[in-house]
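To begin, one chain is listed below as structure tokens, in the form predicted alone.
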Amino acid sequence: MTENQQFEVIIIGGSYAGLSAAMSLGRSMRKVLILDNNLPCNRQTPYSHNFITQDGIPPAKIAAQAKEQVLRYPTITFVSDTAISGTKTNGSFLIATRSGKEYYSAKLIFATGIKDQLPDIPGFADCWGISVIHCPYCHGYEFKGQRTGIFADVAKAFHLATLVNNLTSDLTLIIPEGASIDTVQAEKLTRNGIKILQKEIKAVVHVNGQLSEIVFIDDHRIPLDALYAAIPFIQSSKIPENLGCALTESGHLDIDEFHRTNTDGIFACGDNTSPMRSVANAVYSGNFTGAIVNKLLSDESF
């Protein structure tokens, strides 16, 4: 069945960035549709941190409260569905969904996030967001003083080590076999008492997502309480690229200072645009993007 509806703005992605953008627009009485597949990237993370007023609150609780508040605005519609394609025709965007519905809008906002490419290591996915973590600002304080590892290529491992070193004196870098560390990096790591292992991980041992030790391919084991991991990602949605939106070298959607992509009428916010992956940053970027889109709609109709 096909359902055609016209909106001023369609927001694809209804987590923190998308909901924040919708609130900006809803308070200006813009007719907005939020499409969301209910699969936020932090769905396994037990608590959100480093977000003032919401520190230590489960992410799902923050999202539920945000959704309830956003939907108080009568011009906002929330639909649980997955956007599968987008086209531009006659000055409007057409978004088709998995359920067979079609929606039109003058502007698009992608708040679709990114999809982490978890390595095929037993136990890794079970611990992701719980004790195998990505960000010292989001998770580091909770593991202060504990046995900590960093799993990344040399450049990213060194960068994380500079940040995590302040949180624990028991820090081990796990970097690829054969990777080279320059003299300056090696001297700094040694001076700070940071251990270096160049081994392939065989398994992550845990209990209900709580890491206890890492097993290497040679069966060497080290006890750990937390493991920072810098892993590859892809965009969660291919629609922006299919509509001509460019990516940065890092794989994020390329936006300007007003969160505009290079495709006219398309904007983006949240994790799909920035390496600063946090709920607080997503809320900020969504709020800003919604205000910018409202300004453009106002200018066009005034």
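Everything numeric here is computed off the predicted structure, so don't read it as measured data. One-based numbering along the sequence shown.
The same protein also exists as the form predicted in complex with a small molecule; that form is not shown, yet it is the one meant from here on.
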Q) Using heavy atoms and a 4.5 Å limit, would one call C41 a contact residue for the small molecule in the model of the complex? A) yes
Q: Could you confirm whether S278 comes within 4.5 Å of the small molecule in the model of the complex, counting heavy atoms only?
A: yes
Q: Answer with yes or no whether S237 is in contact with the small molecule in the model of the complex, where contact means some heavy atom within 4.5 Å.
A: yes
Q: Please check if G209 has a heavy atom lying within 4.5 Å of any heavy atom of the small molecule in the model of the complex.
A: no
(Q) Given a 4.5 Å cut-off on heavy atoms, tell me which of 68-76, 215-223, 201-209, 109-117 is the interface stretch with the small molecule in the model of the complex. (A) 109-117
Q.
To verify the annotation, which of these, I175, C138, L171, L227, has a non-hydrogen atom within 4.5 Å of the small molecule in the model of the complex?
A. C138
Q) If you check Q146, T82, N165, S92 against the small molecule in the model of the complex, which one has a heavy atom within 4.5 Å? A) T82
